[in-house]
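Just one chain is shown here, as structure tokens, and it is the form predicted alone.
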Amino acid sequence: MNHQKYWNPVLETMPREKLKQLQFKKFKRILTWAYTHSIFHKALYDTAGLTPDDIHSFDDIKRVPKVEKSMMRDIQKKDPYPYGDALCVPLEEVSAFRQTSGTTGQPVYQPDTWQDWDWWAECWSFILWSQGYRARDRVFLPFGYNIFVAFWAAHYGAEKLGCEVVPGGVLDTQARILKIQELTATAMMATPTYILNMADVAKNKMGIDPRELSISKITCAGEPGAGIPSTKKRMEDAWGARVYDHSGATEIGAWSYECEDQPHGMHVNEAMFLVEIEDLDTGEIIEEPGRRGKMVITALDRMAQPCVRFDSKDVIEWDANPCTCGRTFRLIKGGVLGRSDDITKVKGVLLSPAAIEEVVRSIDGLGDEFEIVVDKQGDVDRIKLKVELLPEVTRSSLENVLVDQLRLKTNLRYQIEYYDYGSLPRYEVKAKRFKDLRKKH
């Protein structure tokens, strides 16, 4: 099997028409399951005057009400405690608890049955196999095993492939680097922020060149960085390894992946998820490539707490071209482009923090860390960008390039503050580099 190109050749190369038929059949099944087993979902659909019998075609799916994270927060901490009315199985069938990170508000609790957890591992098997993971790999996981899903399911997916998994949970960064060196680990998974942080610690605190370690491939998740060309290049240059992007979420599952062909985008695992793209202004479902919108997603096989037409807030767009790898699963161009929550107007211009990251990480002489602060000076928006200068680099040597690139890529003018290398905060999990202080006012 190690020579096989696809983890599941039948599903990954299924003709588009058959794949859509499979998705519709699965959508009807999970919708019916939620309607008949979840008090929350039944009330939501009854209020809309809709039952599963009203869904006859793909075009009808957009009639099904969306679910937002705030709704899930409202129903939890009630019986059956702590999940509330969305739980679709008896409490004794729940075998795994995770919760969202809480970066956008109160955490949401996520129950999974053993069947659901096996589904998580299968989703990750698609991802890892497509990125070249095989039974010969020794995979190091440098994340704190905690109540957040993070790379928990990746651990089980890697084991399912036959990989040897090394859990680096309680080790600090230096100990993790030494363990990678000691065991000659061949692959690892972490957020882009932490991958860059590890490389910095190895090189500047330990005198170890990450490129001389044995890591040949890295899977990133949790942030858009691996889909941003300049950030991907920094990671690949630092480690001498190929870096792959992936996106998933606690309440959704592991829904997308970049394959070995690295098409500057990610496949949607359409055998297990139905992804719709909704226009940010009109709510229209976007089918054609080249138009950005927010993702509405359904996990087609997750049973304990169903994810049916979940408003993820992730901004994506369809790619016009199929991937050269031969998979029929559609690509989202450039991966996840940001969150609709973070895309905001500054001085009348739509701004995405990912566009600023692309500029900062593309300029030699600037460190990996940066911070964006938007506030008001009187009635006028002001945007401040904090960056670090690498040792022996002068502000004058790159200031004009930074200003010009920011203006070109974002059409905005910035108040730029320069800091000594190592001055800005470092993060091990998800970074918090964007602060919009106007909302507090």
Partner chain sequence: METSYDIHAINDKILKVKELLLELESEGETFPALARNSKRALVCIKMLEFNISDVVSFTTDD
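The shown structure was predicted, so the numbers you read here are calculated from the model rather than taken from an experiment. Numbering follows the first chain given and starts at 1.
Just so it is clear, the following notes concern the form predicted together with its partner chain, a form of the same protein that is not shown.
Taken together, T13, K25 and D118 are fully in contact with its partner chain in the predicted complex: each brings a heavy atom within 4.5 Å. Remark: E251 does not count among the residues lining its partner chain in the predicted complex, judged by a heavy atom distance of 4.5 Å or less.
Within 4.5 Å of any heavy atom of its partner chain in the predicted complex lies no heavy atom of E317. The closest non-hydrogen atom of K18 lies within 4.5 Å of its partner chain in the predicted complex. Remark: F126 counts among the residues lining its partner chain in the predicted complex, judged by a heavy atom distance of 4.5 Å or less. Scanning H264, K78, R138, K160 against its partner chain in the predicted complex with a 4.5 Å heavy atom cut-off leaves one residue, K160. Think of it this way: in the predicted complex, its partner chain has a heavy atom of just one of E223, E369, E122, E358 within 4.5 Å, and the residue is E122. Figure note: of the listed segments 46-54, 26-34, 65-73, 382-390, the one touching its partner chain in the predicted complex, with heavy atoms no more than 4.5 Å away, is 26-34.
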